[in-house]
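Read the single chain below, which is given as structure tokens and is the form predicted alone.
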């Protein structure tokens, strides 16, 4: 479909209409922070928001979900539980779109998780480009996630009083055609888009001292670095970094019985590799009991292991882990120190 241009006022009216017809998730101001919530009006949407405390990927992987229900009477009866409703996710940043593409590769292309896939197929993603850095914590330019070329149904670029609209799916086409006043982009519109991208490219500069494609080798060579001991002494093993990460997907599964002791649910809940019990086995030993081992494992997951398996970086440079960390462990500083900056205790 040919790109479109839509006035902001017309888009707001369309979002208002959608919010009355189905669930629309959008970034909303929540005190000094922002979060994705179901809105009832486009007036609630926070424009120019910082990355939300929790990423939109958590909608596809909720903190607690029932996988199946079971009951035992004369025989065992098992019923899968797959809950998915048509949802519009509005205002996703490029870094979060990259994270969702990684989760698609894991939960659809690789494992074909029916619960994730059902939510993914019911979701409609409206992305919005970043034209300036969110804050001092983001490093999406260094991780190759500043620009989004896929993973969305519609991508918006702010051109002042209008949005330039790229359409990448049938759902996106139907959405744009329903917006009153949307018209085909012409030469002048594409010129404004190019200038916006030139301004964006000038505003973002790489923050890492190592190229993204060299991170796996750097981490492999740094297995015995003193830095891991230093970080292990600082880390509280609270799991905040993994809870806010848009690409973390570790979970625990347990069966919960009802009071009749004959029925219940199998439940999937969030878990964290930073917790000591995550790698604990039945006899009580933990394969990653020292904190420095858990910290090193997380950085290897983000910069090495996931890339080796899926060809995509496990970190998108959104900066959420650095914002959430209570002891100021910042992945930019970690990677740069591994590259060669001095390590201090």
Partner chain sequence: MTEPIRSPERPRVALFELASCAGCQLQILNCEDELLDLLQLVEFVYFKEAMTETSDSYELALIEGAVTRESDEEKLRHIREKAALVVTIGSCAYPVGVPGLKNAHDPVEVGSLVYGEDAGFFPTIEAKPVDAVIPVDLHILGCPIHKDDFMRVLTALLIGKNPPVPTHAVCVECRLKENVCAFDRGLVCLGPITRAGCGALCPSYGSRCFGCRGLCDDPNVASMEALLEEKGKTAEEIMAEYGLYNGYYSRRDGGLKAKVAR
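In this text the structure is predicted, and so the values were computed from the model without any measurement. The term rigid core refers to the most C-alpha atoms you can superpose between the two forms while keeping them within 1.5 Å. Numbering follows the first chain given and starts at 1.
The next section is about a form of this same protein that is not shown, the form predicted in complex with its partner chain.
Peer 1: Give a yes or no on whether every one of 58, 262 and 294 sits within 4.5 angstroms of its partner chain in the predicted bound form by heavy atom.
Peer 2: So, yes: the whole triplet contacts its partner chain.
Peer 1: Among the candidate residues 136, 149, 180, 233, which is the single one with a non-hydrogen atom no more than 4.5 Å from its partner chain in the predicted bound form?
Peer 2: Contact check passes for 233.
Peer 1: Which pick from 217, 211, 238, 105 sits with a heavy atom within 4.5 Å of its partner chain in the predicted bound form?
Peer 2: It is 238.
Peer 1: Quick one: which of 203 to 211, 153 to 161, 269 to 277, 124 to 132 gets within 4.5 Å of its partner chain in the predicted bound form, going by heavy atoms?
Peer 2: Selected stretch: 269 to 277.
Peer 1: Taking its partner chain as it sits in the predicted bound form, is residue 226 in contact with it (heavy atom to heavy atom, 4.5 Å or less)?
Peer 2: Close contact is absent here: in the predicted bound form, residue 226 is far from its partner chain, nothing within 4.5 Å, heavy atoms only.
Peer 1: Report whether the minimum heavy atom distance between residue 40 and its partner chain in the predicted bound form is within 4.5 Å.
Peer 2: Residue 40: no, not in contact with its partner chain in the predicted bound form.
Peer 1: My question is simply whether residue 326 lines the interface with its partner chain in the predicted bound form - judged by any non-hydrogen atom within 4.5 Å.
Peer 2: Residue 326 belongs to the contact set for its partner chain.
Peer 1: Classify residue 46 as contacting or not contacting its partner chain in the predicted bound form by the rule of any non-hydrogen atom within 4.5 angstroms, answering yes or no.
Peer 2: No, residue 46 sits far enough from its partner chain in the predicted bound form that none of its heavy atoms falls within 4.5 Å.
Peer 1: For residue 260, is the C-alpha shift between the shown form and the other one 2 Å or more after core superposition?
Peer 2: It does shift by 2 Å or more.
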